[in-house]
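What follows is one chain in structure tokens, specifically the form predicted on its own.
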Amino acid sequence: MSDTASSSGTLYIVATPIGNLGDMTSRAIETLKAVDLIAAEDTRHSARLLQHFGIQTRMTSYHDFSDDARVELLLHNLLDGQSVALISDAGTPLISDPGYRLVNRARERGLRVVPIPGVCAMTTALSAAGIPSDRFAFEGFPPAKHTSRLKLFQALVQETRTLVFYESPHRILECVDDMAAGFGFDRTAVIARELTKTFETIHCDTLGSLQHWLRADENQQRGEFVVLIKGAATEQDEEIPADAKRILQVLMEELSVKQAVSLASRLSGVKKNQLYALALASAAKPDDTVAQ
């Protein structure tokens, strides 16, 4: 540990509940009571949380619009030996919440940064969604404007990982409409709203059906949303039928790979890129047959 880190205070990144106060960890409570200062996204909002748990630590404001002077002030407190806890309005700081600049500069100056883990809306939704969670990409809040939002979704249409988005209630209808247009009405998705709260809802369906579901019940348009889009199918997910393999094998005996693939695709309905990959694999293994 450097001399700077050993003589300075510690910056704690503290996760707080996203709804149910019972999700506040004992370590988070102890940390917020012990630090010299709490940097909160909204001090009025966080005051209710601190009051509930009997935490009397002094607070100051820190959010995405805080200027560099506020960041430097917090760093000065840390360098002066004070411990500081960073919290957002709900969930884990820095996950679509403020904090990156502060944490980045603290590390640049050799200060100790300690995470106090807890609830995160993204992982909470993933754990109960019922769609693949072994590989996922967090995209945060989509653009507010229709054109930019649709362009983003269209750019991600071939992404094979599960995609995770946050969305606000006043844009959820338009967002799901653009998702259906960008990813396709038949793409499987999950809408998770009001997680850990009284009216928690986790609903899985196609994007086309989710459009109708949202419009049919205004209550489902309220709250904070996590929207998960199932990833695009990979070539490995789409098994090539045996008859298509046999067609390709026969055609390759008489035609070039390109011609055989093109004609086999027309005859079988299987995608050219799948058949081409199979043809190349077969050519690399002359002792094997395509049908194997």
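The first residue of the shown sequence is 1; numbering continues from there. Here the structure is a predicted model, which is why all the values come from computation and not from measurement.
Below, we refer to the form predicted together with S-adenosylmethionine (SAM), which is not included among the displayed structures.
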When S-adenosylmethionine (SAM) is placed as it is in the predicted complex, which of 241 to 249, 225 to 233, 257 to 265, 24 to 32 ends up with heavy atoms within 4.5 Å of it?
-> 225 to 233
Considering Val84, Ala129, Leu111, Leu195, which brings a non-hydrogen atom within 4.5 Å of S-adenosylmethionine (SAM) in the predicted complex?
-> Leu195
Of the residues Val164, Cys120, Ala106, Leu210, which one places a heavy atom within 4.5 Å of S-adenosylmethionine (SAM) in the predicted complex?
-> Cys120
How about Asp97: is it within 4.5 Å of S-adenosylmethionine (SAM) in the predicted complex, going by heavy atoms?
-> yes
Counting only non-hydrogen atoms and a 4.5 angstroms cut-off, does Phe141 reach S-adenosylmethionine (SAM) in the predicted complex?
-> yes
Residue contact check: Gln220 to S-adenosylmethionine (SAM) in the predicted complex, 4.5 Å heavy atom | no
Would Ile18 sit within 4.5 Å of S-adenosylmethionine (SAM) in the predicted complex, counting heavy atoms only?
-> yes
